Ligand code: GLA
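In the block that follows, a single chain appears as structure tokens, in the form predicted on its own.
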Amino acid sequence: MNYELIAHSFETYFNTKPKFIVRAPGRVNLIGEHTDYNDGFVLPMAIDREVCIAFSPRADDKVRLFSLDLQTDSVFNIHSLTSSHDWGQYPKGVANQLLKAGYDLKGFNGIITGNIPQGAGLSSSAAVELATAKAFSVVSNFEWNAVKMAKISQQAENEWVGVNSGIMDQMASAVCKAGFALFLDCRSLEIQHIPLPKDISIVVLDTSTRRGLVDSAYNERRNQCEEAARWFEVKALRDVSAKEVGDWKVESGLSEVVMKRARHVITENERVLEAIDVMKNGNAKRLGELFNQSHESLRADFEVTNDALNMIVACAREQDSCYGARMTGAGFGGCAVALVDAEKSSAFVKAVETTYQHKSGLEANIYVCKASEGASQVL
């Protein structure tokens, strides 16, 4: 991100230099899909694509944010917030939750921009929330607590925006460390920073397909997971072992479809825990195998891939430089993620772009990503 350019944009719009600049990253989930709302384990990584806010304090309680990307502004009074149906919902939601948590907020003028592809499942919304929270912490002079701000941002998305997301996206944007993935226990919020294997690149493969109207399918799977947890008589599927799933019988009273959903979540949790060990040992080969197993489970048992995701994953796996690939995010479109030999990443990108376009007729957007720092102040 070019911070000088953002500062110049602020100066052009507000006729003065910004006093501060903050940023918050998007994320890609390496492994651990649809486990978060089952109290399970996830392994995201903050990426080097981010949302940035250049800003200066105001003397009143007004926030005026101009979006460089949308060329529209959002203006609101902190103490008289009203709902809207635009991008301004996210900053307003954060302000609302910070007020509810007892923070004394000050107003500011700001320019907001980002380079996270929207709708691709890389958490542009969480980055907006954490960048906003960081801006408020700087201008209002309160101590930054990354985990607390992640929770507040999640509550903003759940309660104000009305999207029933888990905590993973906000935690990744808030607490990740450069060069590391983030192991997160979604029940206890215990975290570990896990080193990435040396000489590998994390490559995000955007299929150029979007999820569309899949809220009902997402909610259906949440309900099926809850049904399975009740059948196993546990709080969440996190508490069930693979052996217990293996003992399931057709006549047990739990449908085969619901058992398939449960089997994905339970085996995916095991894959995340193994992934931590193999990453600590630098075993890229085994990590790639876990990526592949995860995708097959999401395709066959959880049934949240689509043709484009399956195709781009196949295109990635055809390359000798690829250790493994899987869909990432909620599914039904969006992105896959591949583990690739770093020295061959440029050739990998070209080969996948060409093969995918030939097979699908679509143009993939492919990003070789670095593991970046969580929300921070850069000026």
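Don't overthink the numbering: it's just position in the shown sequence, from 1. Keep in mind the model is a prediction, meaning the values are calculated, not measured.
Not on display, but discussed next: the form predicted together with alpha-D-galactopyranose (GLA).
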{"item": "In the predicted bound form, segment of 324-332, 49-57, 346-354, 66-74 with a heavy atom within 4.5 Å of alpha-D-galactopyranose (GLA)", "value": "324-332"}
{"item": "4.5 angstroms heavy atom contact with alpha-D-galactopyranose (GLA) in the predicted bound form for S165", "value": "yes"}
{"item": "Exercise: F180 in contact with alpha-D-galactopyranose (GLA) in the predicted bound form, heavy atom 4.5 Å", "value": "no"}
{"item": "4.5 Å heavy atom contact, D36 and alpha-D-galactopyranose (GLA) in the predicted bound form", "value": "yes"}
{"item": "Non-hydrogen atom contact Y218 with alpha-D-galactopyranose (GLA) in the predicted bound form at 4.5 angstroms", "value": "yes"}
{"item": "alpha-D-galactopyranose (GLA) in the predicted bound form: contacted by all of G26, E129 and K134, heavy atom 4.5 Å", "value": "no"}
